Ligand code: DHB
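In the form predicted alone, a lone chain appears below as structure tokens.
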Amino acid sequence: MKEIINKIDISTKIKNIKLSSCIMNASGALCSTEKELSDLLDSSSGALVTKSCTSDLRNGNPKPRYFEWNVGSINSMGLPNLGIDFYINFLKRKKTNKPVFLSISGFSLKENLYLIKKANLIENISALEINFSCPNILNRKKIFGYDSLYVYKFLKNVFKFNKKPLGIKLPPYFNEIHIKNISSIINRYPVMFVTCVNSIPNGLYINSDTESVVIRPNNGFGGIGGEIIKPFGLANVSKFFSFLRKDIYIIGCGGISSGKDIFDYILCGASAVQIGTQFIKEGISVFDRLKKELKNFLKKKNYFSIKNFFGNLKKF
């Protein structure tokens, strides 16, 4: 049996970027500090995704700002990060064969273009993941991924100079027409991938015993993640798989806690997946467990590669 398991291939590609495993971390989950980043480089994850960075260090929103329960989590982190120069310097010092995705989340079009210009100077960044979906910035009036005009202006300008493989992390969409509209904009430009979905915005979780909210920022409102959002993540991946050009790859994210969950995302059209809430719950060992579970699940299905079932979701 062990010999059969070892033959099962869960490697993948995001265009020309080869990943030894289709499983990586989600930006925001234990990927901010030097130790966290080093642990991810040493782990069995298929790639390293950094914390979404801004021009300067940010402390983020006041604590407590993260809470989890049995099937979900709520957070209002507020993009705490050490600033782009820290992540660039870390990557300059670290030699690795593992693909590195630098996550960027500027507060304006101007800042995002500035951050991307800086990142273009660094050789060992495999790709840029532009975060248009953070729901927890208290002084930001909108989520950029819900503003079609902003996305259009960004893409129109960024490819005038950007030479790095570039993808966009998107918020969850709840109507097909919105996914179709944003896809029609993305399809016009050389975007390499989309990551979907980020946490569901404007959620509220209550402690009935204390009769209070569980996080401090924004009167307790925050982004919802964890197992509870998996159906929304799958729906977005499946719809984007239908509407995007076939050379635009999809990274699935949202509610993954088992090998079966990963199978479901790939079945819907994801070429790779990211782990957030479960990574925070379980720590770095989550990647070994999920790899083992995915391979065991594929063995039961008599699949020997994720290519055997990728995008093959059946309809009635």
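Remember, it's a predicted structure, so these values are computed and weren't measured experimentally. Quick note: we count residues from 1 along the sequence shown, nothing fancier.
Keep in mind that the form predicted together with the named molecule is missing from the display, and what follows is about it.
Within this chain, residue 136 lines the site of the named molecule in the model of the complex, having a heavy atom no more than 4.5 Å away. Proximity of residue 198 to the named molecule in the model of the complex: non-hydrogen atoms within 4.5 Å are present. Taking the partner from elsewhere, residue 78 is found to have a heavy atom lying within 4.5 Å of the named molecule in the model of the complex. Proximity of residue 131 to the named molecule in the model of the complex: non-hydrogen atoms within 4.5 Å are present.
Screening 145-153, 70-78, 241-249, 120-128 for residues having heavy atoms within 4.5 Å of the named molecule in the model of the complex returns a single hit, 70-78. With contact defined as any non-hydrogen atom lying within 4.5 angstroms of the named molecule in the model of the complex, the stretch 90-111 contains no contacting residue.
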